[in-house]
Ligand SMILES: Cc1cc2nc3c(=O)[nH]c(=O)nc-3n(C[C@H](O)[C@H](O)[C@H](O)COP(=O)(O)OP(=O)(O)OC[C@H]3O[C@@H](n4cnc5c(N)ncnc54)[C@H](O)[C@@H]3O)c2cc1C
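First, one chain by itself in structure tokens, the form predicted alone.
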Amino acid sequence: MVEGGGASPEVGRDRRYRRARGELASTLTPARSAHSSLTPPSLGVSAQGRTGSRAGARKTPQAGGVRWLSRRDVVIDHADVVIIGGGATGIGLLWDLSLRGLDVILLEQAGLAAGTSGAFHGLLHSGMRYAGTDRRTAAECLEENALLKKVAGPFVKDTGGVFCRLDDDDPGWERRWLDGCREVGLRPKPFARNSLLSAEPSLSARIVSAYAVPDAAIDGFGLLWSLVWSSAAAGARVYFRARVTGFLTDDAGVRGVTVVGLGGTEEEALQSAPAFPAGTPGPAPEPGAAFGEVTAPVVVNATGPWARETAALAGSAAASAVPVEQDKGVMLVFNARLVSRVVNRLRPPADGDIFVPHGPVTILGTSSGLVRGDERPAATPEEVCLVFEQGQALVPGLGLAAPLRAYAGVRPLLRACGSGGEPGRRGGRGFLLVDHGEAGGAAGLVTVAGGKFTTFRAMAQAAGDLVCRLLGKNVPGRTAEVGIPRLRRHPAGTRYAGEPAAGGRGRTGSERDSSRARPARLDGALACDCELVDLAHAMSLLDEGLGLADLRRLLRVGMGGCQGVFCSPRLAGVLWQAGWPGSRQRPRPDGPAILAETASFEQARMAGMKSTQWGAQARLAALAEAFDELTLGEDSRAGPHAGVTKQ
């Protein structure tokens, strides 16, 4: 035994052998025990780095890498730590623990940053936004802002920022804001009104005072993929399309998780469990599904807004220790660089008061509202109009640049235990770290939730310190001093975890070496004309096992003016040319899978246009329907664009 009630790897492996022989009774929650007739696969193999299929487990070397699980994959694995959730918090912790030399596995139900981390506005906060309301969070953001500019420089566009007070905004709030800034060490610099309007001519002439701040824009997708690849190079294993269905427990506490492969597209993975999107445990799979098991002395719940539901799988006491609420925010994307720096309205945080320039586009956010029911949040026309109208106060010419699309995300906000307070703007922006051995009677389970993308590194470091204490290891964190390189693909020489079963995706080192030895002749060809995406780069990522949703996040495929209308049919051909879901060196083209992947990509693109249908976007949606019908033979009434223009 080790400090904190955790078990050594040897003890964990012995426990799994005993369970395989029926000597260890399951103590899972009712969500799993209700399906106790679904027997897990045979565990008569070592827990070290095993991946198998329903036909039986197959031995593979324990090596770092990334896998997309199919429905037939069965994962049998063991590590020092298992992380649930593939957003910024989970991936940040993966990187932190990998740098500390620990053996780490990350499980994500859908794809990288498919939840909150993939739906934020890309702002690297200076902390100034919270100086008048949450000074502790303001100080944390300021510190992390400077650190990320140092260690994650290749992903940060240091645009600078400005806070502007309009003539109808409360001057008393400006004084309170300045007092808060001084208290936490923030130093906004007065920005002469005429100089600001000269530098940012799109801003309102109603501005009466302004302050320069060190805000910036950050490429979250590129940063997170580089962290995944760097962690895999250090030996970490990452499994996508891997749904956690319950916790493995004994009298001492949580000792691992049960997991099932989902296969299919990212959209299917998200929709298969609408109450538990983006990496969180969902309802039990259909009867006959093959369960895998991943054991570890420590399991970390890093599922963001769904952290409470995840903790509930370990019991009601564990859930009550996670006071996290879900808050919906809507953002608009404009296909123009309306401002050259981050622009904030100097008033209490409200709707439509931040403009963030990102490459060729500008993102306006955000709203705040309750998440209702089990549906995946989507932007409504009413929310779009609210954010748009509020944004016009800062940029009066906004009406001449209709939004390209709208999207919604869910924030994890903190509510004080037993306070009964309301989430939303009143919810805390700090982060929560829970050792359930002390707070929920589930030793070996840790929850980290809340926070912001700006503070993900600090959250990971704090969680990493707790994990090491539970494991009895005195290893300091290094994320504040180790630079993060921008990687265009997986590092050379790193092996993926396991061989893919039919329908699974993943590459071995020998396949990637072959890919580099025989480059395709794709010089000058484009995968996406709007964003000038190099086809050769796109093909190399497909060779690594990535899908179209990953190409969108990494390369901006389909994020330009046409929103994928013209490049979607081309991408279907690219997938076939790449031998997807195989590789060009080991082609395994699957027509139905390619069509499903393309349709999922189009569906995700068109979903963001449904609430912005006026002017040019309405015409684009109508063109998309006609284009699909004429080129792909799809009935516009049943295809991915169905209903887009019916408003």
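In this text, residue numbers run from 1 along the sequence as written. Not measured: the values here are computed from a predicted model.
The following text describes the form predicted in complex with the ligand, which does not appear among the structures shown.
For the three marked residues, Ala296, Pro323 and Asp435, no heavy atom of any sits within 4.5 Å of the ligand in the model of the complex.
Phe453 is the sole member of Phe453, Phe334, Phe291, Phe221 with a non-hydrogen atom within 4.5 Å of the ligand in the model of the complex. In terms of contact with the ligand in the model of the complex, the residue from Cys181, Val410, Leu404, Val387 that brings a heavy atom within 4.5 Å is Val410. The chain is drawn here without the ligand; in the model of the complex, the stretch among 524 to 532, 302 to 310, 475 to 483, 566 to 574 whose residues come within 4.5 Å of it by any heavy atom is 302 to 310. Taking the partner from elsewhere, Ala88 is found to have a heavy atom lying within 4.5 Å of the ligand in the model of the complex. Heavy atoms of Asp353 never reach within 4.5 Å of the ligand in the model of the complex, leaving it off the interface. Contact between His121 and the ligand in the model of the complex is found at the 4.5 Å heavy atom cutoff.
At a distance threshold of 4.5 angstroms between non-hydrogen atoms, Arg243 is in contact with the ligand in the model of the complex.
In the model of the complex, the ligand lies within 4.5 angstroms of at least one heavy atom of each of the following residues of 102 to 138: Leu107, Glu108, Gln109, Ala114, Gly115, Thr116, Ser117, Ala119, Phe120, His121, Gly122, Leu123, His125, in sequence order.
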